[in-house]
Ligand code: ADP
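Starting off, we have a lone chain in the form predicted alone, written out as structure tokens.
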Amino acid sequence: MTEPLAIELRGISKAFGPVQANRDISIQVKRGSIHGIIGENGAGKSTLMSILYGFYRADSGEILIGGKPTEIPDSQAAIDAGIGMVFQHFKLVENFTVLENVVLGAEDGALLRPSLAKARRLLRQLADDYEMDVDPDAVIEDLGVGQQQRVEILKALYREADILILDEPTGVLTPAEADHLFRILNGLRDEGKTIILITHKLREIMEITDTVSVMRRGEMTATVRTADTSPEELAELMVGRKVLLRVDKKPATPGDVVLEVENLRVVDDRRVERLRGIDLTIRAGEILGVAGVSGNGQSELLEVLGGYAKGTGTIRVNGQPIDLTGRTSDARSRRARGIAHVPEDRQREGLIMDYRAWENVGFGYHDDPKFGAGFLMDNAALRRDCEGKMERFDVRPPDPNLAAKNFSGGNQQKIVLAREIERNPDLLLIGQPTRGVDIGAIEFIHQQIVALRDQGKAILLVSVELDEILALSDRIAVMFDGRIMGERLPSETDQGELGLMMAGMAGSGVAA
């Protein structure tokens, strides 16, 4: 007997102008299963799921839900068909309560009170059934990201979703929160719900899914039982070549101290203390990885060191103090002191998306004499410089005149990396180096970071990816609530201990 299908897509194609995002894609998702979808950036995963959820309409093809052809012209039609979606960036009203967010858009009538009472009863039942205990009267902005994610799932279940699509659901979770999410998903599957999981983390695919589909360049390349494959095989299917999943590096040989930070404190515009007395050092030829859940001070640390924000305390680079509050406390002065910065958000802080690649490559360094003198810039020299960087960093397409917004996320990141690394800095600050980057580009970016370390440079690496922190770092500092909980050597710790420290639940011993 054939197993029933929750979803079947037949011959789905979608183009945006000359770009063919999806090409004749067919996929079957069994009812009561967890089905993973992986692929590089630009492979077409998000477009395919946006068609299923009604954000886009396919140019051709057919959608079947529960074996029945179904038109999904918009997201309301998707909800009516029993489909819910939990986005990577949550769609919650932050100053509303949990209850109000769950009900919003699904009220039973003009009177709100009956809807709220019904939602309160259902939330209590769902919390008991799926380990999703969330205070219905809590305000969203007061909840941690793990609880906010549960609210998004509860919203979908309140709307009676039988099919849940989750887009990169663990990107902002601690390992313990991710484990809890997986228990929730397993519980939902056991109750007959169907889960579609979009993730770039091969370890999660192997741990939680029953079946996995691989996309490459807008096409479906394979669908396999997870138990019958391996991370190495999936990576090769995604990229079209063998990929080194581990970071190949020699032990560090640290030299002189490049960066010293003592009692660094930052207070934001709302008078909230974001950094609470940070002390750290980084030597030439080593990578200090900073682990932590987003929002625990890592961003503020990068901003102060990079000259984007003010602070108090002491920062020395190569033994010389850095201005933290005065007129020379800015990014330009930091660059003059040998500090390069790859920011966490490449699109907001690293690039001007409507500007061309050669213009972005010159930002921050446009006063270099080789690019002109005075008010006159040598644009041809900037283009030639960009062409060289694109070739060395394998930016695709290698077109200096293409606007930054028209490159994939991985190639946008390569543009920023090329600009900063090739300035031969003494200290590289790098935040979330592979966020939203495909697996092939991750391998390349990791190689560039290790190569810079081996040239004797000091590197401060901030990442929410514990696999990345453990693979790249020579020492690991863990941040929680604006403080450093402690340092560990990668060889003497694991994800479990780091996860506890990230949650503020471990001691602050320092590795020798």
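Numbers for residues come from their place in the sequence shown, where the first is 1. Think of the rigid core as the biggest set of C-alphas that the two forms share within 1.5 Å after superposition. All of these numbers come straight from a predicted model, not from anything done at the bench.
The same protein has a further form, the form predicted in complex with the ligand, not shown here; the description that follows concerns it.
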What I'd like checked is whether 169, 173 and 201 together line the ligand in the predicted complex, meaning each has a non-hydrogen atom within 4.5 Å of it.
no
Is residue 473 a contact residue for the ligand in the predicted complex, using a 4.5 Å heavy atom cut-off?
no
Is there a heavy atom of residue 453 no more than 4.5 Å from a heavy atom of the ligand in the predicted complex?
no
Does the ligand come within 4.5 Å of any heavy atom of residue 489 in the predicted complex?
no
In the predicted complex, is there a heavy atom of the ligand that lies within 4.5 Å of any heavy atom of residue 47, even though the partner is absent here?
yes
Tell me, which of 482, 42, 36, 54 has a heavy atom within 4.5 angstroms of the ligand in the predicted complex?
42
Enumerate the residues of 13 to 27 that have a non-hydrogen atom within 4.5 Å of the ligand in the predicted complex, in sequence order, or give none.
16, 19, 21
Residue shift check between this form and the one not shown, rigid core fit, residue 459 Cα at least 2 Å:
no
Honestly, after the rigid core fit, is residue 49 moving at least 2 Å at Cα between this form and the one not shown?
yes
Any chance the CA of residue 20 moves 2 angstroms or more between this form and the one not shown, core superposed?
yes
